[in-house]
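First, one chain by itself in structure tokens, the form predicted alone.
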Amino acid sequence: MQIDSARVKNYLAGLQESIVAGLEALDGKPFIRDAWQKPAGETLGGSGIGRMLEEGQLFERAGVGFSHVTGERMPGSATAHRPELAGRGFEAMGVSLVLHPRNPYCPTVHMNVRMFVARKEGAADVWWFGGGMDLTPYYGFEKDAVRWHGACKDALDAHGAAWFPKYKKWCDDYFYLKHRKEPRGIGGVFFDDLCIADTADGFEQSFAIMRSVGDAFLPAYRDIIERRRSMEYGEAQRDWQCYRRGRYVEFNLVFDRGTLFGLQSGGRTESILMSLPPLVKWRYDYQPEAGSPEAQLLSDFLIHKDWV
């Protein structure tokens, strides 16, 4: 089966640019462009482009990264579920973003789409796609949850009715803080190891599913942001936002596969950790007041639920 990695790379680079253009239109402040390349002689090679915005009108911090890297040996995080691939070289490319708006009524969001190829001399390449998008609100709005999950469903239903339920459940299970026994947010879709290899056009089918997820992100998130960005807030709402951001940090540093892969493979630390929020708080055994909007987030939204 022919693998057209150059076409995947072109799509991902274009996706980064189109998303950044859309986010700049929302914020009004341009993203900086930070191109990087790994020095010759290192185990991990490759290059990437980081697009960053800090202290914008809308976004307190926003990062949209594109990377294309190769390595001589796959890190442990990539072979934990595929031990037969240990020792292979690899090629990985993807777009990953995390957006942290300043207004607590605007949700944090994450999206990632990627392709991975494991190579060994004398053996066939092993490839797969992965990705997803998930929403982390600080205040719950049913209309936003329905819009978000509806966009995820529409993107995947174009390829068959079985994909969305499968990838929604995977998202619910994956973005779960086991030590807290709570979801990180309201979910969306998540997938990995996508390799339709039993048909002649399996690569094209797999690539198309990844593209549908990547293309669905901006319209859905833009609708939610435009609905919430003008809502007034005070120090109490901001304090709750910073507290809940702590859960985001805990997940990214303890469980996130992308973070672990980047750190274990010797990736660029600034690019890997651009997902972390600029301000965050932790408190000992904090519980919101019963019946408050903060308590409602926990009881009515941070649950596994079929929104559409």
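Residue numbers here begin at 1 and follow the sequence given. Owing to the predicted nature of the structure, the values given are computational and were not obtained by experimental measurement.
This protein has a second form, the form predicted in complex with another copy of the chain, left out of what is shown; the following refers to that one.
The closest non-hydrogen atom of L273 lies within 4.5 Å of another copy of the chain in the predicted bound form. With a 4.5 Å cutoff on heavy atoms, P277 counts as touching another copy of the chain in the predicted bound form.
When contacts are judged by a 4.5 Å heavy atom cut-off, K143 does not count as touching another copy of the chain in the predicted bound form. Using a 4.5 Å cutoff between non-hydrogen atoms, K281 counts as a contact of another copy of the chain in the predicted bound form. Annotated contacts: E17, R114 and A151 are all free of another copy of the chain in the predicted bound form [non-hydrogen atom within 4.5 angstroms]. Of all the residues from 215-253, those having a non-hydrogen atom no more than 4.5 Å from another copy of the chain in the predicted bound form are Y243, V249, E250, L253.
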